[in-house]
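The chain below stands alone and is given as structure tokens, in the form predicted on its own.
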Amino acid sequence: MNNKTLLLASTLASMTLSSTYATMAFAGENLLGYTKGSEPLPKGALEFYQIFTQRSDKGQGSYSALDSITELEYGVSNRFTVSGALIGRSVDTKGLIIGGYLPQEKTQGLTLSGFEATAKYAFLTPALNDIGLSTSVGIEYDTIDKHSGQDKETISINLGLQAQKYFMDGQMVWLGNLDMETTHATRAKIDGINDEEEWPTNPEMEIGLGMSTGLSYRFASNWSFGAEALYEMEYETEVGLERWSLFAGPSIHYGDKHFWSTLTFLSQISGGGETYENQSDTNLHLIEKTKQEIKFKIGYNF
């Protein structure tokens, strides 16, 4: 074998290893907190996720809520995955009453509140094609209102589109998502509150639209830094466009062969729609949203 042949073989081996590393490093990992990737799990792979999201600060009184998702995802094929998750919620709110949304002060510890099931199919994978593209559909059942902590039965259908592209041999990754969620909700009656303005109990329909985008850059072995932006709108039966909000912020990610974790901080940049009485930050939506969110994810590949 001459030197030219050796150089060609070495180059091909390096390209193969680089491609394999990119695929193995990112399949199933959540590089960002909110914007999801399109890379599916390999056939037969099983991954465990634990996700905590803390939402805090409505600009008046004290407000803190924690959402928990415990999830298992399974690769049915190299393009099709299914997952199931348990949902938990806790809410602690004092010094702020908002008719129809926060009818009374509430302190509730972390409680199992519902479940969700999701299926995802990848039309294109970013490791094999110029760009990755996948779609997802999910159903969610919940029994606790995530904003107030009050009893509220909701059934939601989620449709999503995820795009992903590698740059610089996988050192930098772009992610983009489009989402639509339709929800049927019925609030349970609260003892002592019979005013429909304070806590409406008639069934309602909501449609939520969302789009997000972000970049992740691997600056050291196993470590990546990222940034993302999330824009959401929600339409409701009685009021039409109820709210919109724009969040943005950074992420830090660690991942090795089996374990990964991501920590994300998002701050509300701008928002609109309904405001509560005497709200001082009128350029933000603070009835259903908060000023900031912190999301922490861990995952383990079996």
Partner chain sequence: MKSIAPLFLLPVAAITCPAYGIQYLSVQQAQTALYPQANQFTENFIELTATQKEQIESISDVRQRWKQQKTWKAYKGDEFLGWFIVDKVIGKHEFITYAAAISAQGEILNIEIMDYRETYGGEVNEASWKSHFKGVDKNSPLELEQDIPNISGATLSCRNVTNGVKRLLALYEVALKP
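Numbering follows the first chain given and starts at 1. Fair warning: this is a prediction, and the values are worked out from it, not measured in the lab.
The form predicted in complex with its partner chain exists for this protein as well; it is not shown, and the discussion that follows is about that form.
Contact with its partner chain in the predicted bound form holds for all three of Gly88, Tyr166 and His258, each having a heavy atom within 4.5 Å. Remark: Ala45 counts among the residues lining its partner chain in the predicted bound form, judged by a heavy atom distance of 4.5 Å or less.
Among heavy atoms of Leu41, some come within 4.5 Å of its partner chain in the predicted bound form. In the predicted bound form, its partner chain sits within 4.5 Å of a heavy atom of Ala127. Using a 4.5 Å cutoff between non-hydrogen atoms, Gln50 counts as a contact of its partner chain in the predicted bound form. Proximity to its partner chain in the predicted bound form, taken as a non-hydrogen atom within 4.5 angstroms, holds for one residue of Thr183, Gln104, Thr135, Thr143, which is Thr143.
Between the options Lys120, Arg187, Arg218, His147, the residue in contact with its partner chain in the predicted bound form by a heavy atom within 4.5 angstroms is Arg218. Annotated contact segment (heavy atom within 4.5 Å of its partner chain in the predicted bound form): 66 to 74, selected among 53 to 61, 243 to 251, 66 to 74, 269 to 277.
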